[in-house]
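In the form predicted on its own, a lone chain appears below as structure tokens.
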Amino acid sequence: MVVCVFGRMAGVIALGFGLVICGNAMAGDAVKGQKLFKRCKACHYVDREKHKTGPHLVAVIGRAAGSLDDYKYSKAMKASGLVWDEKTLAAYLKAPKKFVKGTKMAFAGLKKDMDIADIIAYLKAAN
């Protein structure tokens, strides 16, 4: 009986550790994200409220998509109804043209989930 209870507890503890490990695995590394963001710098600023080909990304987390008055967004982005949080950014960075059909963003997307998590961590740290 004790072995059975211990066995169940060990399984619960193992499951708990697995969830913690999985949760932290996608937390992202802002330092790595800063290096990866070099790909984005051609079109976006993250440190100043000035636009390039794409809109600036200052305070992008929590901002409604297509909401900066002084940037000309695509009709699709303006009508998307999105608010940029970790989930929406992750989906968009994975495949921008699939996530918002009609977006002007020419970037094809990032293949690695960890790269996406790192860039999001950098965006959060930069703002």
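Keep in mind it's a predicted model, so treat the numbers as computed, not measured. So that there is no doubt, residue numbering starts at 1 and follows the sequence shown.
One more form of this protein, predicted in complex with a small molecule, exists but is not displayed; see below.
**Q** Does the small molecule get within 4.5 angstroms of any non-hydrogen atom of Tyr73 in the predicted complex?
**A** Answer yes; at least one heavy atom of Tyr73 falls within 4.5 Å of the small molecule in the predicted complex.
**Q** According to a 4.5 angstroms non-hydrogen atom cut-off, is Cys43 in contact with the small molecule in the predicted complex?
**A** Because a heavy atom of Cys43 falls inside 4.5 Å of the small molecule in the predicted complex, the answer is yes.
**Q** Ala117 versus the small molecule, in the predicted complex: is there a non-hydrogen atom within 4.5 Å?
**A** Because no heavy atom of Ala117 falls inside 4.5 Å of the small molecule in the predicted complex, the answer is no.
**Q** Check Arg63 for me: does it contact the small molecule in the predicted complex (non-hydrogen atoms, 4.5 angstroms)?
**A** Contact with the small molecule, yes.
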